[in-house]
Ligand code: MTE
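The chain that follows stands alone, in the form predicted alone, written as structure tokens.
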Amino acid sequence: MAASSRRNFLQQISAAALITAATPAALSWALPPSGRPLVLQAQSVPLPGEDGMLLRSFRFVDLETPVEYFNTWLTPVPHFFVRNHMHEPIEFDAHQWRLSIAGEVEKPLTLSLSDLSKFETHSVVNTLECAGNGRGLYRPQVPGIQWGKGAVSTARFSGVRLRDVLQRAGVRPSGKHVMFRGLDEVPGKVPPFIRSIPVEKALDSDTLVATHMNGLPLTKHHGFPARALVPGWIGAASCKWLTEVKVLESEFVGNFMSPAYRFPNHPVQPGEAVKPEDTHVLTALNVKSVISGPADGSTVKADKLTVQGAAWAGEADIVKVEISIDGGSSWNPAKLGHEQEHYAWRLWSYDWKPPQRGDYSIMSRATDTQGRVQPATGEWNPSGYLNNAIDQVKIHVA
């Protein structure tokens, strides 16, 4: 869809619901009872930098979640990190939005939100993490958004199974990859944000065309009116403002498949050049844990305190989190939270009484069902992806 048509995407929506730079609202839709019109409503979303969110980029709006917000299993939507590669679409009309299904299919489809509402709904609790989360912690530094530890959040996503939509269209045997395209406003000559996933992942029962987060319609920041949700994989796979799904004979060829979002096949030294043929496409997330409290650099009393945080592992499950107070010489098991679902992080806690006053370094590491253990250091790479180094905070006990 051309940029001009995107700008004209909303013609008849009320001025009160229009997104402007001065109004921190996002449009959303609600599925109506049969025969009744769609309802447009505005949801409050903080302006960049408000409500404690960390502004990493104003140009395209990139907001990081402070780690102290990792204290609920489901992240409240206003605290859910935001990653945009381009400008968010300017205007929306829930009545006019359409999703096209084309390519290597027997029967191309064009679906409205009303059409989607006729499919069976499905929900998935998923921890969504930007591939560049932790990029700002690599040394030497690499270009890109300098995320700290908070380009990750967890929500219950609801919508329809992409499998059901593709089955209605009839995927041909020649269909090997499924491409997603959104309604991002592409600046200048920048290539559009398009990615594809293998058809096997597209047909997984938990891969969604998602329309809701935590029981509410998506906000604009998070992909209203619909986004792809590819659980357990890097956030870039879950295309926002979804408008086109196309079944391809092979992996999509484009800037955001190569050279972007690729990882070296072998360890490289900082500054070492990597040829595209020596890389692979990023898919599932690594095993990882983050300490949400006490805060790094804080001073705490010598009484008993609780170390807490979250741990996740993409398509695997967390089996244990361990805490070290002595620089990694010894490790003690943390208690895992009772809330648990595949693809979702586990909250954890560890009660500790400091033996004496002084400076301490607290470390956390996670282990998953695939036997992966969080490494002491992240594997440096030219794009700063998948930093899953053992987390560490330094505190002073007074």
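We number the residues from 1 along the sequence you see. Keep in mind that what you see is a predicted model, and the values were worked out from it rather than measured.
Not pictured, yet referred to below: the form predicted together with the ligand.
Remark: residue 85 counts among the residues lining the ligand in the predicted complex, judged by a heavy atom distance of 4.5 Å or less. For the chain shown alone, residue 182 is a contact residue for the ligand in the predicted complex, at least one non-hydrogen atom being within 4.5 angstroms. Not displayed here, the ligand is approached by residue 81 to within 4.5 Å at the level of heavy atoms in the predicted complex. Heavy atoms of residue 124 never reach within 4.5 Å of the ligand in the predicted complex, leaving it off the interface.
Not one of 117, 209 and 224 places a heavy atom within 4.5 Å of the ligand in the predicted complex.
Checking 309, 217, 235, 314 for any heavy atom within 4.5 Å of the ligand in the predicted complex turns up a single hit: 235. Contact annotation: of the candidates 162, 178, 230, 128, the single residue with a non-hydrogen atom within 4.5 angstroms of the ligand in the predicted complex is 128. The stretch among 200-208, 301-309, 266-274, 238-246 whose residues place heavy atoms within 4.5 Å of the ligand in the predicted complex is 238-246. Contacts to the ligand in the predicted complex (heavy atom within 4.5 Å) from stretch 256-279: 261 only.
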